[in-house]
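Let's start with one chain on its own, the form predicted alone, as structure tokens.
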């Protein structure tokens, strides 16, 4: 859209561009097209655009993808966008503060990509809401003031390197692809802008994201102090220093992402942080009547398809949302997909209920004896030839999970899960799907 066209839209809607809201509208069509091209649009994509304004970027997206969701804070601009695209079923306009947008429903619409000419005042908060792990996006293209984009991609030794750099880079590969001068906006901002492409990372070892962030905040809270004065007490500091290959006087800003992950692993005291499963674990082997007929190792049972036992637990909060876990990429079965709140095999000689109590504690840090038995599932290929007993529990407190087993957890409304399963069943472990069917049957 040209500046003249944008002025016309703003006059018709009665919008006076607000500096407080960061309303600077892109007027160069070729730059807008170039920004959108970095999304690598495909016909099956869903694109979520935050801050579409008058539709300068939107015009180059609509008609090229399956669905476009426009999240606009200004009610007048949102109304104008609804009118502009009123004849299209593939465009949804949401009048809402993007910081409060509930992105959980987007998992059912994958593949999803994120596009945003983000307002300078709230860009960081919007990124935190949309791009923090877990998220549904496979690609993001964002435009912000140049100094912020520089911070996102900064490395040790650069003046822009800091807490924001590490937080973003621990989840995304960041590449600056364009610089955009002030003159192509109306009104003209007082700063330069840049465009960055973000791609989700799958090349890092398992790590506790909560602990990682806590250690970063400690380290960068007083960034000129030596790190050992800011981190928790450490009896083997010399060994950690040697592992990092840094002097004992190091400061937070001198360490790269990999070194910070090493520090996080060092301070992670979860007993299951190292290995997602052990092939030498011994389970009971059972017959068609779920009677114990022998014992064998995990590795042998999974290799042979021998019948054995397991539990799944559905944990609900007070809103009746169901907690799902994103399985670690290091799991031997169903890596990197969503699963029940907690699940696991019965150890040799263990009972179903005691196993469920143990798995809740080990996987989520929940100490709870009062569980409701929902029902049982006979062994089949989908369950991995396991007899499964499904339990339910209610919980509202803090969660702590082993990073080797679980990448992330998230509460989901039941209707969202139902739509998601219909659209993308491959996003879930097959055992969870069987448990969901049983849960649906018993809930009617």
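Residue numbers count along the first chain shown, from 1. What you see is a predicted model, and the numbers here were worked out from it, not measured in a lab.
One more form of this protein exists, namely the form predicted together with S-adenosylmethionine (SAM); it is left out here, but the text below deals with it.
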> Counting only non-hydrogen atoms, which stretch in 396 to 404, 378 to 386, 411 to 419, 50 to 58 is within 4.5 Å of S-adenosylmethionine (SAM) in the predicted complex?
Replying inline: 50 to 58
>> Is S-adenosylmethionine (SAM) in the predicted complex close enough to 156, 169 and 253 that every residue in that trio has a heavy atom within 4.5 angstroms of it?
In response: no
>> Please determine whether residue 344 contacts S-adenosylmethionine (SAM) in the predicted complex, using a 4.5 Å cut-off between heavy atoms.
In response: no
> Do residue 208 and S-adenosylmethionine (SAM) share at least one heavy atom pair within 4.5 Å in the predicted complex?
Replying inline: no
>> With the partner left out here, check for me: in the predicted complex, does some heavy atom of residue 333 sit within 4.5 Å of S-adenosylmethionine (SAM)?
In response: no
> Are any of the heavy atoms in residue 150 no more than 4.5 Å from a heavy atom of S-adenosylmethionine (SAM) in the predicted complex?
Replying inline: no
>> So S-adenosylmethionine (SAM) isn't shown here. In the predicted complex, which residue out of 129, 145, 122, 328 has a non-hydrogen atom within 4.5 Å of it?
In response: 122
>> If the cut-off is 4.5 angstroms on heavy atoms, which of these, 392, 26, 68, 36, is the one near S-adenosylmethionine (SAM) in the predicted complex?
In response: 26
> Who in 57 to 84 is close to S-adenosylmethionine (SAM) in the predicted complex, meaning a heavy atom within 4.5 Å?
Replying inline: 57, 71, 72, 73, 74, 77
